[in-house]
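Listed next as structure tokens is one chain, alone, in the form predicted on its own.
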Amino acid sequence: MSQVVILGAGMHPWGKWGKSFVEYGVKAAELALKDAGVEWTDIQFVAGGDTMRNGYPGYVAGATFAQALGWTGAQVASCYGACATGAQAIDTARARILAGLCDVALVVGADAAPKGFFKPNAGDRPDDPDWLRFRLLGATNPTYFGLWARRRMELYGATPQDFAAVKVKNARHGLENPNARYRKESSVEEVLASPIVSDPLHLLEICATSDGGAALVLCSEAFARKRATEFIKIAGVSTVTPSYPSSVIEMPNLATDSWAGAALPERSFRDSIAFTAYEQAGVDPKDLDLAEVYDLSTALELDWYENIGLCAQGEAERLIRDGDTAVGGRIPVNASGGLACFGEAVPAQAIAQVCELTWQLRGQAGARQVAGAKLGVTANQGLFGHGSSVVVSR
């Protein structure tokens, strides 16, 4: 099967800049177009990642970005999958190209996030599980992060020092990333001295909400051959849902499926996310050179080591203790600094992960470069059962 080439990548730095999400997205798109060496008027299809908190234009982000860049008549789609929004947009553009319906597409996502915890929009919606968890339990996202951390401690003997070591690693990586919001080194002692937010997790172990934007120019191999001789390719994209029964609680649900009358699936939901992308790409996790995973909290990053196949269940603590997942180690994770250094700009973050892999596989990541990187994976998860993983190869 022909593959889709990443011709350009661009990003607006993460932070709190006081601009609209449109400005962040347009800046990221302009940088991606420049990187690709194509004009906006060359783009045949636009896939926009929707933001759900900034009024009506955010719900139709594809056309919003297209209007801001200048109407050209390009075909358009607007995608939403919570934190998996960017992967949904990438998958939509990739499918268009693979189907032969266009040669070159722009994928763009951006956000201007509110301060504090994410919460549902106003109004009573008893049929909305996200509204219910806030209304009935007062369970913010960090509440779930703390429960998952306690689960790791109970099952695998994780310690607060292990969780803090993830923040220390990612903070060191982020020092070298000009697009990161937080560029300050932390020690284990500083992390553990920061205020408890959701026991056992501290303030420095939970990602912030942020503004930011990211964009990619994707194209067919035939289009790319006219401009370059060596390509960075999207080898696989996963947007899977869970399989029944799902016996581990996930946001925003308040309960799990019973498995008294049905066998558990071969893989858990999170394990299935990257596995599906590996299957499409025809690769094995043993072949990976690096990974960008969704470190909403330090403890969740450890879970992802196992979910994406870097180690067996219960071995993630050994990887962080041995330095395997640091730049220079066996399999660096979040060389960009991850959400620990970026924070969440929801519609952009899955796209930003692919931007980082693109720069790494090109050898353009500067002081955070992973030597000889040829194959990388992203992993992400959106509310309501949106899987998100992209395999990128050179």
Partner chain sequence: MSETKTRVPAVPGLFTLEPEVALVGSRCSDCGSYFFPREQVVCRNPRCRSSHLEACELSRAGKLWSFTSSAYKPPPPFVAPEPFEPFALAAVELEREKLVVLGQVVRGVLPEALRVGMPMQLTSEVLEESDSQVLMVWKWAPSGAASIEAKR
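It should be emphasised that the depicted structure is a prediction, and the values quoted were computed from it without experimental measurement. Numbering follows the first chain given and starts at 1.
The following text describes the form predicted together with its partner chain, which does not appear among the structures shown.
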| item | value |
| --- | --- |
| Partner-facing stretch of 82 to 90, 163 to 171, 256 to 264, 103 to 111, counted where any non-hydrogen atom is within 4.5 angstroms of its partner chain in the predicted complex | 256 to 264 |
| Contact test in the predicted complex: A99 vs its partner chain, heavy atoms, 4.5 Å | no |
| Exercise: E315 in contact with its partner chain in the predicted complex, heavy atom 4.5 Å | no |
| Contact flag, L147 vs its partner chain in the predicted complex, heavy atom cut 4.5 Å | yes |
| Its partner chain contact in the predicted complex: A222, any heavy atom under 4.5 Å | no |
| All of P126, W131 and T143 within 4.5 Å of its partner chain in the predicted complex, heavy atom check | yes |
| Contacting member of V188, A228, V248, A95, with respect to its partner chain in the predicted complex [4.5 Å, heavy atom] | V248 |
| Contact assignment for its partner chain in the predicted complex, among G73, G157, P195, P178, heavy atom within 4.5 Å | P195 |
| Sequence-ordered list of residues in 103 to 133 near its partner chain in the predicted complex, where near means a heavy atom within 4.5 Å | F117, F118, K119, P120, P126, W131, L132 |
